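Below you'll find only one chain, the form predicted alone, shown as structure tokens.
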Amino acid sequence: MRALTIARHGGPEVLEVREIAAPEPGPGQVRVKLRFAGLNFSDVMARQGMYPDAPPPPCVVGYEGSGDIEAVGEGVDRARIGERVMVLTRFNGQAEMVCVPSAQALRISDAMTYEDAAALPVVYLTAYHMLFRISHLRPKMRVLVHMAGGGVGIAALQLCRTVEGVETFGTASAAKHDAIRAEGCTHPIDYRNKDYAEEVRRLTDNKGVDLVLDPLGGRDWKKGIELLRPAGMLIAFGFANMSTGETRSVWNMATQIVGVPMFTPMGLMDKNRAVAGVNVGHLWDELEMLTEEARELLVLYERGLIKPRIDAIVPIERAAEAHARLTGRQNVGKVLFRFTA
């Protein structure tokens, strides 16, 4: 089978499509023949050598996909063979076939496309977990969504739209403003030409926001916490500022780390603010939690309340182009890999 392999750390040229042996499902597992697989910023950082959780190269990364169950292991009902499924996996997801525990292959309805099923798991789970499990989104809250044109950003905007009166502030380049408005962003902010913190203060009469969703890191965490109203929360869920090009920059990494603010319990208590962190990749042992949230997302999808916005579908052989869309911040929504012709 074909597998997108990170041969070594570096630029997009280190990506290779290799032929490797198809995996065999173990007890309690199913083997899924994937039609599509999702690309996430963590995959880009793994290629650059900046994602500590990734296996050492050569390796196959990827957390999500969609396809059909074609084989089952001991203890799994053979009636599952042929099911259309959405797959959650910790690595090995950017290959034509993947084996996962049966519970991590969720059946999808006939109304759901394979494309939407591959685009939903990581970004919507991340957004849902932050908004409804960590911060308990309520009516009329104000939410600042960074990288609002990306996969998680658009998922967050759509999910905020399901709660009455939530006001959203989304940072994105001007070219993406029409798109994020269409996804529910109340106030698009061009971070390239304006200080987003000053703009948020202007739009809120200096009151700030209730929630900041921040995948940027470094000094932006400090700016975010200073924008919080009393009882507000900043949720850190990435460190995109670490990656400013196609390859790793030790100098940039060092300057970003130096910019990380120090949060102390006394300081948070004094300001009535909260800071939380989310890394869905570290919740793999909480399978019951993740599958519960995934099933809730499938219900929202069936009700027409959310729908992944797919930016591009790229053949696996052109993976370097897909990576470039993410590092260049060109994508509006999700980028997928396609295995089928």
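Everything numeric in this text was worked out from a predicted model, so none of it was measured. Residue positions are given as counts along the sequence shown, with the first one as 1.
If you look for the form predicted together with a small molecule, you will not find it shown, but the lines that follow are about it.
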query: Exercise: A240 in contact with the small molecule in the model of the complex, heavy atom 4.5 Å; finding: yes
query: 4.5 angstroms heavy atom contact with the small molecule in the model of the complex for R329; finding: yes
query: Partner contact for P215 in the model of the complex: the small molecule, 4.5 angstroms, heavy atom; finding: yes
query: Exercise: V278 in contact with the small molecule in the model of the complex, heavy atom 4.5 Å; finding: yes
query: Stretch in contact, per heavy atom within 4.5 angstroms of the small molecule in the model of the complex, of 134-142, 230-238, 73-81, 106-114; finding: 230-238
query: Non-hydrogen atom within 4.5 angstroms of the small molecule in the model of the complex for each of R31, G67 and F337; finding: no
